[in-house]
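In structure tokens, the next block holds one chain alone, the form predicted alone.
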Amino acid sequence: MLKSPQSLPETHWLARIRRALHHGDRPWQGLLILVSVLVIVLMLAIGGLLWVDSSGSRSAFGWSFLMPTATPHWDPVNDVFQAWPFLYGTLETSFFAILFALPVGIGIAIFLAELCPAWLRTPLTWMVELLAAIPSVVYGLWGIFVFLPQVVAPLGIFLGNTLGQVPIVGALFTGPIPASGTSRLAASLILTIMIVPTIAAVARDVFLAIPLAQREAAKALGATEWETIWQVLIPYGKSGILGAVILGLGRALGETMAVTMVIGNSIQGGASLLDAGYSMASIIANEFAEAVSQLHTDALIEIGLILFFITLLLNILARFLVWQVARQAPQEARA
């Protein structure tokens, strides 16, 4: 069938437009670039807003706002503020949470990916991922009414009577723990439960992505199941496992409601895990709506700025470590 003379120019121009756009590739690339730039702009906008709105606190206290002292001060009545107790509480609870969660999460991932029977793998995977979907306030309520009186309080008494007497680590377990169980230990254990599903789910996907040839080669050389997992699979997937750990640590640093409900919310807490304390997120959640002065508000915003920088530096460091691990993998393979 012959085409009409008017359709020829139209077809020609449509073909030229398709070639110029690479059949939609260039608009798609432009959209991705735009979204990426918007993410960077949003991050800079949040950081800039926190920096500007915390200027009053930074001018009034300077670096002393972060420095540890023998007697921490947080006095809204007299406008005297210091963030060290909250910074310490955040770092301590997050560190112990990742310390407890890492072996449990990796163990669950190894079981689900390598050892679990096929008929049980899917239900267990759903249950692990379901734990990650539970709201943090539910974890907090469960912690207050069940976990703290039945687990944390007896565990705190045991740790205080045993590890509290050890010279090197005794400062971390000096008691007594409050009768209610509210303490940094409670916050660490609640955070452990909350981040285990994240670490387990990501690490499981990492193990499943490892080629089957790696397992077959190790077993062909006489390796046992444990040797294959420990000497082949974990080193092969360590960059992904590191990413899982960083995701879990990021959630632990920023968790608010569950920590606020179980940490005890005490400014005078000492260095021990058994003491009640505060985290940076919990002090903001508790006091921001009831700030009694502009300087009080500025101090809380500066705490948010510190938390923002900590998470930003953590993600930069994580990206660098993952890049280093991924860069070393081809070199080890060639060796």
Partner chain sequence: MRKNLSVSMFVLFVAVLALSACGPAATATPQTVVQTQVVVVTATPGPAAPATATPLPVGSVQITGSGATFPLPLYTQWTYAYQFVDPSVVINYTGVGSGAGKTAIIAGTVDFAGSDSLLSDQNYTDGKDLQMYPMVAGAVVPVYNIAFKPVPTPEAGKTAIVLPKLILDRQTLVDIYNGVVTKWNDAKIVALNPGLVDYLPDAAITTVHRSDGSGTTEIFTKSLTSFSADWKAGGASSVEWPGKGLGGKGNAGVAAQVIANPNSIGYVELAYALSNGMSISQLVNKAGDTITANGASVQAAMADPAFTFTDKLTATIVDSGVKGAWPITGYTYIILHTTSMTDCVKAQKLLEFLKWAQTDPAAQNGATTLGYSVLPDAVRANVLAKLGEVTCSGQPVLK
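As the structure is a computational prediction, the values presented were derived from the model and not from experiment. Numbering follows the first chain given and starts at 1.
There is also a form predicted in complex with the partner chain; it is not shown, and the following applies to it.
Participant: Is the gap between Glu225 and the partner chain in the predicted complex 4.5 Å or less for some heavy atom pair?
Facilitator: Although the partner chain is absent here, Glu225 would stay clear of it in the predicted complex, with no heavy atoms inside 4.5 Å.
Participant: Report whether the minimum heavy atom distance between Val232 and the partner chain in the predicted complex is within 4.5 Å.
Facilitator: Close contact is absent here: in the predicted complex, Val232 is far from the partner chain, nothing within 4.5 Å, heavy atoms only.
Participant: How about Gly264 - does it come within 4.5 Å of the partner chain in the predicted complex, if we only consider non-hydrogen atoms?
Facilitator: Heavy-atom contact with the partner chain at 4.5 Å: present for Gly264.
Participant: Please tell me whether any heavy atom belonging to Ala179 falls inside 4.5 Å of a heavy atom of the partner chain, as the geometry stands in the predicted complex.
Facilitator: Result yes; Ala179 sits at the interface with the partner chain in the predicted complex.
Participant: Pick from Ala118, Ala213, Val77, Ile168: which residue has any heavy atom within 4.5 angstroms of the partner chain in the predicted complex?
Facilitator: Spelling it out, the residue with a heavy atom inside the cut-off is Val77.
Participant: If you check Ser55, Gln268, Ser64, Gln29 against the partner chain in the predicted complex, which one has a heavy atom within 4.5 Å?
Facilitator: Selected option: Gln268.
Participant: Pick from 301-309, 45-53, 286-294, 30-38: which stretch has non-hydrogen atoms within 4.5 Å of the partner chain in the predicted complex?
Facilitator: Checking each option against the 4.5 Å cut-off leaves 286-294.
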